[in-house]
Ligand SMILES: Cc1ncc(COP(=O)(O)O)c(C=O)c1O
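Only one chain comes next, encoded as structure tokens, the form predicted alone.
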């Protein structure tokens, strides 16, 4: 065995891409029309072509080649960072000191937060329904992922479980990084309400009185498909005036909102009541960026900066994205309606790319669905259905088949 000891025994088991691969093999064998591919979190149109905002495609194709092939500053192009902040906050910019550093997509923002705001051996806290790469992102740099119960019995955010786990972990360590994925949470489609955000912030304020360091990373990957732009960002203004030992981070990504999935362009945006905290943040993020990807996609950064220099281009991007949002909503509404008719117990869905169904044996349920040429993603506790990728005419009947497969595999959680 040649690999270093800290990597020995670790395995890659990405069920999302495994499920996508199985769906693509079925498509190659049977034809696209006979297969329901509800695996990857990418938007496909009604002809099952990968969607891209037309304004983004036009501007990307028009970029000067020097903007595509040239290096970029490690921190990112300054006008890109300014544009990323506008895209993040829209009309809901909180008060405080704010800055950002370019990252390799939203995943890079999460990686850099974990590396810089948690200690080796410590726990990182998130909800018990979560995007599976969170775990490998914490395990790989010698952290561990701990969870709190996301939902109460009546399917609301469980603030009591959150508070208990925050207090428990801060009795064991000197700092804590919390990751919350909202609005349009992956994999459930849940969005925290204003009152639920109030409870989160109250817990952070109360816990901060201990003097320990708290960092909240808000993963906003799906925010542009969570409803009206400012309404879905209203919660951000609640972060104004937090104690100096509470840092707020946002994982901004161009993958979903600007349909540039493979270009791996994003930013980590930080908010603090103290300038010194933001200065420290910028230094740390640049060091980590330089030591991992060095610098990121200049062309995609230039594209976003160019869009946000022109109000008409921003308005056009918003209109085109709204069409995709409504496309997903129609599909989701149809699936949710059929789920109610066949008593399929889905988790609370507000918006976003995915609908999730609790299951005792998700792997077996998905295997049974595969036999009917329906491909979903088995999670730890349920089956994820990517409504972003399934054309509306393929939705009818899916809920009933999922319900039958879950029942045959042992039932719901």
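Positions refer to the first chain, counted from 1. Since this is a predicted model, take the numbers as computed values, not measurements.
This next part talks about the form predicted together with the named molecule, which is not shown.
Enquirer: Using heavy atoms and a 4.5 Å cut-off, decide whether 96, 215 and 274 all contact the named molecule in the predicted bound form.
Expert: No, because 96, 215 and 274 lack any heavy atom that approaches the named molecule to within 4.5 Å in the predicted bound form.
Enquirer: Sort through 107, 259, 161, 116 and report the residue having a heavy atom within 4.5 Å of the named molecule in the predicted bound form.
Expert: Of the listed residues, the single hit is 107.
Enquirer: With the named molecule left out of view, which of 297, 191, 186, 126 would have a heavy atom within 4.5 Å of it in the predicted bound form?
Expert: Only one option qualifies, and that one is 186.
Enquirer: For the interface check, one of 117 to 125, 74 to 82, 220 to 228, 203 to 211 should have non-hydrogen atoms within 4.5 Å of the named molecule in the predicted bound form; which one?
Expert: Partner-contacting stretch among the options: 220 to 228.
Enquirer: Taking heavy atoms only, is residue 88 within 4.5 angstroms of the named molecule in the predicted bound form?
Expert: Looking in the predicted bound form, residue contacts with the named molecule do not include residue 88, since no heavy atom lies within 4.5 Å.
Enquirer: Using a 4.5 angstroms cut-off on non-hydrogen atoms, would residue 181 count as touching the named molecule in the predicted bound form?
Expert: Because a heavy atom of residue 181 falls inside 4.5 Å of the named molecule in the predicted bound form, the answer is yes.
Enquirer: Indicate whether the named molecule has at least one heavy atom within 4.5 Å of a heavy atom of residue 131 in the predicted bound form.
Expert: Residue 131 belongs to the contact set for the named molecule.
Enquirer: Give a yes or no for residue 264: in the predicted bound form, does one of its heavy atoms lie within 4.5 Å of a heavy atom belonging to the named molecule?
Expert: Looking in the predicted bound form, residue contacts with the named molecule include residue 264, since a heavy atom lies within 4.5 Å.
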